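In structure tokens, one chain follows: the form predicted alone.
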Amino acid sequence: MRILVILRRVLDPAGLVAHARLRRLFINREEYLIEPGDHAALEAALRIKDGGGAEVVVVSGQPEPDDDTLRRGLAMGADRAIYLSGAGFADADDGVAAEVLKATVERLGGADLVLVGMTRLDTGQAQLGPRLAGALGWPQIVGAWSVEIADGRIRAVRRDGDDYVIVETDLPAVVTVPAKALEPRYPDGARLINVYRGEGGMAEAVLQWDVADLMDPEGLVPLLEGRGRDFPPERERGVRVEGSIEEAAQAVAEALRGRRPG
């Protein structure tokens, strides 16, 4: 069984300061971490590997070489790592990334399961998993808090409001995992040293694939167009209403009536 896990990196929010009045974002400490949802997805894959055996392949594509993300995945227990590089992929949106990852799956010779974080920490977007499932033509499970393989099918527990439900689907499938679903394990110390030194069978563990070899340049044109970023307006101060409940209700009604368009 082959499990593909998408690993992306994001700036550590602890090193960022947003100044609303200056309308600027200051990076006081430029440190990166694995996208929390992707980190949980990797833990889900490794638990499946621990339970019944599987080959776990981590895949990452960043604007610049990002060995740390992939090597950390290998140190946690992944078997192989693939870094996707090449012009045009750096500015890819989730639609383009899904097509590139589809081509990656095909070049690997297929996969039984693809795991990825449900949402992005920096943008809040949750499109990559569903778009990839659509590109591959596979079933999907969104927001899995636990994942296991049972009788050749994928079984997951997901939240439905305040309740938890068990859902199943056939393999191959795409599953997205929330950031706090699973606590990722710490990388093995000896394995981490071997990954960086290229020892213990890790010399060829990180492969670099050029996106140009996977698909035509026409397929790398993003669907989204960035037109800049801005801060939300400052919150208006409220008005304190004194008096009885009836007077307070009347003041609220008048305030709402004044905001009504027309």
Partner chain sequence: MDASYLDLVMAQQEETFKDAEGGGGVWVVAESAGGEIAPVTLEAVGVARTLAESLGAYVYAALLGDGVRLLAETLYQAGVDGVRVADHPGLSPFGLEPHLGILVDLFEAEGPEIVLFGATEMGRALAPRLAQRMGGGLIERGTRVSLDPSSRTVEAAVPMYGGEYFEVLACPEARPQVLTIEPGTFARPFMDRYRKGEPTMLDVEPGEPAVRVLGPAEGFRPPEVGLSEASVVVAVGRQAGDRARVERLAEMLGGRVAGDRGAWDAGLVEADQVVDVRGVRVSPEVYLAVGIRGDTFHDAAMADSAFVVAIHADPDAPIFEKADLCVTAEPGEVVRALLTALG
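In this text, rigid core is short for the largest set of C-alphas that superpose within 1.5 Å between two forms. Since the structure is predicted, the reported quantities are computational estimates derived from the model, not experimental observations. Numbering follows the first chain given and starts at 1.
There is another form of this protein, the form predicted together with its partner chain, and it is not shown here; the text below is about that form.
Tell me the stretch among 78 to 86, 187 to 195, 105 to 113, 120 to 128 that has any heavy atom within 4.5 angstroms of its partner chain in the predicted bound form. Going through the listed ranges, the match is 120 to 128.
Would you please decide whether Asp160 lies within 4.5 angstroms of its partner chain in the predicted bound form, comparing each non-hydrogen atom pair? Taking the distances in the predicted bound form, the answer for Asp160 is yes, it comes within 4.5 Å of its partner chain.
At 4.5 Å between heavy atoms, is Val100 in contact with its partner chain in the predicted bound form? Contact check for Val100: no, nothing within 4.5 Å of its partner chain in the predicted bound form.
Look up in the predicted bound form whether Ala135 has a non-hydrogen atom within 4.5 angstroms of its partner chain, and give yes or no. Answer yes; at least one heavy atom of Ala135 falls within 4.5 Å of its partner chain in the predicted bound form.
Please tell me whether any heavy atom belonging to Glu148 falls inside 4.5 Å of a heavy atom of its partner chain, as the geometry stands in the predicted bound form. Contact with its partner chain, no.
So which bits of 147 to 185 sit within 4.5 Å of its partner chain in the predicted bound form, heavy atoms only? Contacts from 147 to 185: Arg153, Arg155, Val157, Arg158, Arg159, Asp160, Gly161, Tyr164, Val165, Ile166, Val167, Glu168, Thr169, Asp170, Lys180, Ala181.
If the two forms are fitted on the core, does Val241 show a Cα displacement reaching 2 angstroms between the shown form and the other one? Shift at Val241: 2 Å or more after core fit.
Residue shift check between the shown form and the other one, rigid core fit, Ala20 Cα at least 2 Å: No.
After superposing the rigid core, is the C-alpha displacement of Leu11 2 Å or more between the shown form and the other one? False for Leu11: its C-alpha shift is below 2 Å.
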